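The chain that follows stands alone, in the form predicted on its own, written as structure tokens.
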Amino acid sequence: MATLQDIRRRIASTENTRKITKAMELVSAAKLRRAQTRMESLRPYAGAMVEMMRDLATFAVEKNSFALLREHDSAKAEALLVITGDRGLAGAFNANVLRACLVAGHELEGKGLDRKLLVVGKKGIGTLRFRGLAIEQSWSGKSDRPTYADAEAIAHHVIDLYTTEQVDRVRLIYNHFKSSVEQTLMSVQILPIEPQEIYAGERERPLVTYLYEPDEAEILASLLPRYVEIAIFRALLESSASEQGARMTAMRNASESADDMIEDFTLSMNRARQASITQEILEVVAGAEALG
């Protein structure tokens, strides 16, 4: 049975841990608010870009003339762009993404396709390398505050892989932010760009059109790489917010567990102290009876 000193030591240790988890919860909450603000700021821009591309697509009818829309004749390899965090203590945030990556890799192997891993985040890089998997390209230090320049660099590498036909498809795997307690695992194809993403409005030509200079096809060709950059940047922001939400929830749960443990330890300490006092009283009574 643990002594009173042992129990007091455990209570003190658990209280110190609770202070740390509480502090981490507050920090994650502040970062989450910042990440949500950045996500909301991006949405109007991304929406306007898609609308402009759809308007341009009503004129640029030769879809196969655009490298990022054209599917390769035969599928030989697929790139998996996996977005994880740089730090842990975020519940199942990183594990869910990595599990989906491994499942996708096994599916590709079953189809006889090669896979190229493009990994964002130290947790993903470390885990996949520990498993002995080759990583084509990696980026780290982006999860806390991703910038558009980060997305641009990743997109340039992805586009180069696709246009040089080193890969025939690029899939993006990340956590989509829904709320601080809920993140949805996403696995979406970003290259080739799905025709319905760009040509969804082709059949219903808008009543008001615009005059473009230079011609529509040239502008669309220049916007398609921006579309990939925006898709990756949005995924980085979604993943960043999801990570902070998952960490905030995990730290809150850890703090609540610490409270429960402290309550249990305190109850055990009171019982042990009561037993000790009872034992002392019995000894005093026994000693008095022996003398009497």
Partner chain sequence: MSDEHSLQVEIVTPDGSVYTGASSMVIVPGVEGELGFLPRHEPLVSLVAIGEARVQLPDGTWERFATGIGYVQVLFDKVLLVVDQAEQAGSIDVARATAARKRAEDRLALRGDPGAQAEVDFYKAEQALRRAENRLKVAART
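Keep in mind that what you see is a predicted model, and the values were worked out from it rather than measured. Numbering follows the first chain given and starts at 1.
Beyond the structure shown, there is the form predicted together with its partner chain, which is absent from this document and is the topic of what follows.
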query	finding
Heavy atom contact within 4.5 Å of its partner chain in the predicted complex, the stretch among 35-43, 22-30, 247-255, 65-73	35-43
4.5 Å heavy atom contact, His156 and its partner chain in the predicted complex	yes
Glu152: touches its partner chain in the predicted complex, heavy atom cutoff 4.5 angstroms	yes
Distance check, Pro214 to its partner chain in the predicted complex, heavy atom within 4.5 Å	yes
Non-hydrogen atom contact Thr164 with its partner chain in the predicted complex at 4.5 angstroms	no
In the predicted complex, the one of Asp144, Glu107, Glu194, Glu218 near its partner chain [non-hydrogen atom within 4.5 angstroms]	Glu218
Its partner chain in the predicted complex: contacted by all of Leu98, Leu128 and Arg131, heavy atom 4.5 Å	no
Sequence-ordered list of residues in 217-243 near its partner chain in the predicted complex, where near means a heavy atom within 4.5 Å	Glu218, Ile219, Ser222, Leu223, Arg226, Phe233
